[in-house]
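Presented as structure tokens, the chain that follows is alone, the form predicted alone.
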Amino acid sequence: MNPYRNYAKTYRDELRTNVIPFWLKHAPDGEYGGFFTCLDRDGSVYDTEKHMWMQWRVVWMLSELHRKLEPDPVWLAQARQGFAFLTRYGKAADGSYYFSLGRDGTPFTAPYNIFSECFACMGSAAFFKASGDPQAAEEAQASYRRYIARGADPKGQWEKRLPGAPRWQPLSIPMIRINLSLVMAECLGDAGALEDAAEVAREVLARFRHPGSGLIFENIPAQGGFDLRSPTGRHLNPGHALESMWFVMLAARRSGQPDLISQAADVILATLESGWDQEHGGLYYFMDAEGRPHPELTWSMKLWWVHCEALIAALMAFQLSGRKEFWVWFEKLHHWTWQHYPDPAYGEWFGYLERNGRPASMLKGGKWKSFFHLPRMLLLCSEMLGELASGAEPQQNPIRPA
């Protein structure tokens, strides 16, 4: 019996039968366009506000599924109407994307958040690759430029902290840039973006990996180094660390830098070992590097996206490094995750669990959860497991002219 083949079927079937149908049934707004992402356990809509991150993530995911799972005209049509709604209503006068809209497209929240640009770029790039629409390529390139331009001062005029406050460099900005550049390289054939991804990947490992613990820190002083005198400087985010490391491994694989794969694998192992809850199982949401009280009271919760990123990271580290401890971790993560998150009654997965693994909320989508982390994980893991089952080399996704 081939365990890789069995796991691949499990992940692919979950995507096809429980996750995609849930979102296609409940998310599309047939009256105004875009998607409902604030969904209760049964898929009913509890809020019609349309948050830009979540909207663009749906466009990206539908486009990816159309390209990589099967060319389904329904998925492409939904991506198209989402793209049209967001490009029509989503932009402020300067071209940046609002944080949220009303159901009919009325701007609700100012474009204070740099990641609206990120997901606009991702969604547009993937939709271009799936559809060939030249407007989508233009939108992806414009959003990519805005994201990079805002990186040094991401909040701009909406920054609340005063000049005398400590200045921090968050991991989120460069880690997302790696992924964004990989998307631009794959979908638009941008070789310069691949070079950028590899360069930023090396920078993340050099600057954010703590030399003593081997862990990736969430915030470092703007001038570099580490500062453990405050909760901000001691803040660990296992989900971000794991997600960033599989981004690094992808960038390293596609640009031919095997030393980065080995370094990222070491970080993944250290993160899994330190972030695992020895009493209840699962990975903590947040941690303090010195074990001191964390200011976020949700620190001990178990979130769906953290475990999705952990599954991808462990499996990719196993596939690319061949180190058996990562397969052990993949199976450990698999069993805990699949025991606690799937909802057999209504489909999709719960997102927010208490430390002991019981659901803290029944929602299936909201301001921070949509059709993204879970289906991305199911798609990527099913692909990697299929490659392992067949003995094939990992797909390289070579850069071709768009």
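These figures come from a predicted structure and were not determined experimentally. A residue's number is simply how far along the shown sequence it sits, counting from 1.
Keep in mind that the form predicted in complex with another copy of the chain is not shown, yet the notes after this line are about it.
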(request) Select from the listed residues Ser255, Ser262, Thr109, Gln81 the one whose heavy atoms reach within 4.5 Å of another copy of the chain in the model of the complex. (result) Thr109
(request) May I ask you to choose, among Arg209, Arg234, Lys91, His240, the residue with a heavy atom within 4.5 Å of another copy of the chain in the model of the complex? (result) Arg234
(message) Even though the partner isn't displayed, in the model of the complex is His335 close enough to another copy of the chain, meaning a heavy atom within 4.5 Å?
(response) no
(request) Verify the contact flag for Met301: yes if a non-hydrogen atom of it lies within 4.5 Å of a non-hydrogen atom of another copy of the chain in the model of the complex, no if not. (result) yes
(request) Indicate whether another copy of the chain has at least one heavy atom within 4.5 Å of a heavy atom of Ala360 in the model of the complex. (result) yes
(request) Find out whether any non-hydrogen atom of Asn356 is located within 4.5 angstroms of another copy of the chain in the model of the complex, and reply yes or no. (result) yes
(message) For a quick test of understanding: in the model of the complex, does each of Tyr46, Arg161 and Ala165 have a heavy atom within 4.5 Å of another copy of the chain?
(response) yes
(message) Looking at heavy atoms inside 4.5 Å, which stretch does another copy of the chain contact in the model of the complex, given the options 223-231, 116-124, 186-194, 143-151?
(response) 223-231
(request) At a 4.5 angstroms cut-off on non-hydrogen atoms, which residues of 277-301 are near another copy of the chain in the model of the complex? List them in order. (result) Glu279, His280, Arg292, Pro293, Leu297, Thr298, Trp299, Ser300, Met301
